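The chain that follows stands alone, in the form predicted on its own, written as structure tokens.
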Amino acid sequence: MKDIEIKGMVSAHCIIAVSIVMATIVPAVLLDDYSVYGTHLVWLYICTASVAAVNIAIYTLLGVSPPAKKNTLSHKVTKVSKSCLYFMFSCLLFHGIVVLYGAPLLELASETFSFAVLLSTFTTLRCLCILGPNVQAWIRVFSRNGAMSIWDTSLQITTASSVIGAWLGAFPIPLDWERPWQVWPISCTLGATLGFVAGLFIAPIWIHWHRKQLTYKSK
């Protein structure tokens, strides 16, 4: 494992983290009455779009995803179509899971789906950028000792931290504190976002710390 690979990951993760900060600060300067709490859905949409665009751009430039067996236009269109389909299915899946865990079924449905899109952006979109629309590769990466590169390991960490952050964010909602951030799904989106950002910084640190024990082999 080369130091340059870890440095590349640090740079990529810092840019993604900065995109979240900019998605929070810049609209507050340009838009009136903009705030994470007061106009939460607007912030959520801007943050989701920003993270998605930056992830796609960075991992395309880095060439992290596996090389295509065919470089034809039809193959590229098929790959993009499958990626869009997988992402939409992920949004619906997360929406269903969140509802099963207690989110309103019909009331605030748009808020729930928006949260599912954000969570899919933090998890599924990164899988699509790094692994492509390959379900077998996804299963391999998230199985025991399935990582074959530092990017696979970063996927494991950021995905877990995003989901855990969203789960922890749900705990304050039923408490009778009457805080503005307890309104659904603010605390969950903030928890997922903080968990995702934490994962971005934890991943390269953990990989660097354990690089002598990490021996990636082709499988």
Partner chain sequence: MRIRSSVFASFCLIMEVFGIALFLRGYFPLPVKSSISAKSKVADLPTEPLAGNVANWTKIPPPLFKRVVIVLIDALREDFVFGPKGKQFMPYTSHLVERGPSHSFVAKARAPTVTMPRIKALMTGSIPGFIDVVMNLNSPALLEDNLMWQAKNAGKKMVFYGDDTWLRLFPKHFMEQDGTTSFFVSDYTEVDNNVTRHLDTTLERDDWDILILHYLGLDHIGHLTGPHSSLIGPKLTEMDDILKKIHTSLMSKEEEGSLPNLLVLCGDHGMSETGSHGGSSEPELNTPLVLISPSFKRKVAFEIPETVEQVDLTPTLSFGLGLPISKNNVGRLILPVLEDNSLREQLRFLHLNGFQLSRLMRDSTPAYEKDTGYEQFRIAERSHGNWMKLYLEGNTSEVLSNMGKKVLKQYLDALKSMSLSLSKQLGKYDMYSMIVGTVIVLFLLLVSVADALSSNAELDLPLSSSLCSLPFYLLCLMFSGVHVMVCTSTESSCYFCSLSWALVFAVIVFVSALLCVILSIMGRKLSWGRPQTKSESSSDSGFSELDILLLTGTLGHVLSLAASSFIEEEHQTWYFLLNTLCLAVFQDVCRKYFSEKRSYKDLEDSLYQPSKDELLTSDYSSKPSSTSAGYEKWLALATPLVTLACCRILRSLNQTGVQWAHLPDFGHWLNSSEHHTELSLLAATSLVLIFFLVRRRCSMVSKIALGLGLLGVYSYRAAVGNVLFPWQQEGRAISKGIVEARFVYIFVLGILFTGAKDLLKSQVITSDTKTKSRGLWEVYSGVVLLAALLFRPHNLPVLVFCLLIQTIMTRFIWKGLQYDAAQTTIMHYWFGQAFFYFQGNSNNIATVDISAGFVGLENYLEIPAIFLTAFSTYAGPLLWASHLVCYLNSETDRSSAAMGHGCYCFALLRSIPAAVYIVLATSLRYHLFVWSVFSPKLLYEGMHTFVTASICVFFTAMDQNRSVRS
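Positions refer to the first chain, counted from 1. Given the structure is predicted, the values throughout are model-derived calculations rather than measurements.
Just so you know, the form predicted together with the partner chain exists too; it's not on screen, but the next bit is about it.
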{"property": "Distance check, residue 109 to the partner chain in the model of the complex, heavy atom within 4.5 Å", "result": "no"}
{"property": "Non-hydrogen atom contact residue 103 with the partner chain in the model of the complex at 4.5 angstroms", "result": "yes"}
{"property": "Close approach of residue 80 to the partner chain in the model of the complex, 4.5 Å, heavy atom", "result": "no"}
{"property": "Proximity of residue 89 to the partner chain in the model of the complex, heavy atoms at 4.5 Å", "result": "no"}
{"property": "Partner-proximal stretch of 40-48, 55-63, 163-171, 22-30 relative to the partner chain in the model of the complex, 4.5 angstroms, heavy atom", "result": "163-171"}
{"property": "Every residue of 149, 198 and 212 near the partner chain in the model of the complex, heavy atom within 4.5 Å", "result": "no"}
